[in-house]
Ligand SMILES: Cc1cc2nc3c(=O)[nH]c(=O)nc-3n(C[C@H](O)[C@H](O)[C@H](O)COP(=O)(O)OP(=O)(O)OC[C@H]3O[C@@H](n4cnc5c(N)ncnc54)[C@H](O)[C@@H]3O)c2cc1C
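Before any questions on how it binds or moves, here is one chain, the form predicted alone, in structure tokens.
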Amino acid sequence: MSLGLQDRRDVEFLVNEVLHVERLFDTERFGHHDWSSFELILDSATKFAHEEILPTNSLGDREGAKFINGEVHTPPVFKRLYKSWREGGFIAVSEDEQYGGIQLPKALTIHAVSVLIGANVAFFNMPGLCHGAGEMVEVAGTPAQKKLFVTKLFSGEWGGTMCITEPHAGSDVGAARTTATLQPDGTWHIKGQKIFITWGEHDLTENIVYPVLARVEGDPAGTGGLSLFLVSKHKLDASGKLGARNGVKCAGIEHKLGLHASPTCTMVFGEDEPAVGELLGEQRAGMKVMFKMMNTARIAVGLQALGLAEAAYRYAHQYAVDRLQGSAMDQFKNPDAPRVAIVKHPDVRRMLLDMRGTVEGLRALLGFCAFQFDLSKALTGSEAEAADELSQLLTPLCKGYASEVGFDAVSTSITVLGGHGFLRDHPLEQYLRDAVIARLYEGTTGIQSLDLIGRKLGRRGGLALMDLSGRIEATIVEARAAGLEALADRVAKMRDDLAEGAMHLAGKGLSGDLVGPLLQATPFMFLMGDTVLSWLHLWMATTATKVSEPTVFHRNKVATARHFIVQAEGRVRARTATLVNDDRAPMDAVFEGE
């Protein structure tokens, strides 16, 4: 029997026994929910993922998206699948009821999303972008815009995407050249080109909504001069009825390493005829609105890393149980000894526990961050503010750190299968190709690291980092009382190393040294990620230790925590030593042609 795509018991342990998400059910915002709401959604998502989505994964990868005579064609099987996805109401379960959602806490929703992603990440990007575009309109739109766009995007009736990147600019968003010109009727004409637009054109919906970053003539250079506009694939009347094709078209799709079934488009606005749009939010506030979507999108990318890592781990786990090769350790000199499952071999067990530690740690990280987001919406005053600050601090880890270690877990799963993992007979080579992009889009790992040290660590005098340190200390005290002194001591050292690294970078910045922090931003993010996941593993192990009648599951939680923390401590110690050593070799090196 297959292990499936997700460890349901671990999900329930995290939300019930560790985070105690049920506290949200006592708030006004989430008081109409209980555990049955969550179980119903997760049951439905799990069934849908295994029975309908998963069979399309390799098929979609091999067929791929196609660009023919100016039109994008997705794998035919996606049309039926998307119809079923919409009918299941999965796009907006965490949104307000007025827009077709059921306002389920994100701390619960993410687990349904994770299993859906693990089944087919290329397909998931499409409804995920519908939600993201709808969220931007919900946050910044006028009442008329909300009425016209939000429900259609959240329901998936219309597709959505976001148009940021330009050929000459890449991650330098402020260098955008796309322009917006005000018309006498109050609309705007958008002119320019955007690249790397995920699901920018397709055949799954009759209309697509494009939030486009553009600059009004006369507005300042840089990101502060950009505004956000809504451009519809088809012109719309006041009631939302579709009219003639707007002046936006797809000029081609990219040929990529992974996500073959997900069209990545070059979109051209206003080339042959005007691309008519309307301002979303205030003029010159485009990046503020876009960042609201991008923060959500970055969490979604972290969920992609988790979904693929868990799917790969569980496949490798099942393979290791089924695959007979080699003899038992005490019989390795006996050529006639019976063959045993490779899960019995120490190195395979080490790799499996490496992957399990990553998967369960990332689930806890994303779950905790989503829980803080829910608390920021459900509570008031200083409690809501503290929860928001903590979720802001952890968001770069949820995207940058998660995408890196998630990719490593998928890579390890291939090694478990050996040469067989390299073959298309198994899904792992596709998982690896599909996992690469999580490290790149919505801001590369380097950009997440710069966001962490440049914007998040020092917010409001570092209150969020102090809050995090206090929470880690509370867990350390609790773990020691539960008999986990050795693990608690290791996490305490990592917490101290994290503080040392943060203070060192802060000191460099205050002294006017920008190069040092920029060089060490990414190593620091890994240092912080390993420390935070070690804390979460210690928290879970402490919870499992307190159970009056522990099962194999609870004993496994402790073993997984022990393995992860021991490995992470060595990495944190090494990175801290390197960081404070102020190595400038990358700046001193000479690269040919520079």
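Residue numbers run from 1 along the displayed sequence. If you're wondering where the values come from, they're calculated on a predicted model, not measured in any experiment.
Not on display, but discussed next: the form predicted in complex with the named molecule.
Engineer: Note which of 75, 100, 443, 225 lies within 4.5 Å of the named molecule in the predicted bound form, where distance is taken over heavy atoms; exactly one does.
Structural biologist: It is 443 that has a heavy atom within 4.5 Å of the partner.
Engineer: With the named molecule left out of view, choose which of 165, 376, 205, 151 has a non-hydrogen atom within 4.5 angstroms of it in the predicted bound form.
Structural biologist: Filtering the options by heavy-atom distance leaves 165.
Engineer: In the predicted bound form, does residue 447 come within 4.5 Å of the named molecule, counting heavy atoms only?
Structural biologist: Contact check for residue 447: yes, within 4.5 Å of the named molecule in the predicted bound form.
Engineer: In the predicted bound form, is there a heavy atom of the named molecule that lies within 4.5 Å of any heavy atom of residue 82, even though the partner is absent here?
Structural biologist: So residue 82 does not count as contacting the named molecule.
Engineer: Is there a heavy atom of residue 437 lying 4.5 Å or less from a heavy atom of the named molecule in the predicted bound form?
Structural biologist: Because a heavy atom of residue 437 falls inside 4.5 Å of the named molecule in the predicted bound form, the answer is yes.
Engineer: Residue-level contact is defined here as any heavy atom of the residue lying within 4.5 Å of the named molecule in the predicted bound form; does residue 418 satisfy this criterion?
Structural biologist: Close contact is absent here: in the predicted bound form, residue 418 is far from the named molecule, nothing within 4.5 Å, heavy atoms only.
Engineer: For the interface check, one of 272-280, 452-460, 352-360, 170-178 should have non-hydrogen atoms within 4.5 Å of the named molecule in the predicted bound form; which one?
Structural biologist: Among the listed stretches, the partner-contacting one is 170-178.
Engineer: Does anything in 186-201 come within 4.5 Å of the named molecule in the predicted bound form by heavy atoms, and if so which residues, in order?
Structural biologist: Residues within 4.5 Å: 195, 196, 197, 198.
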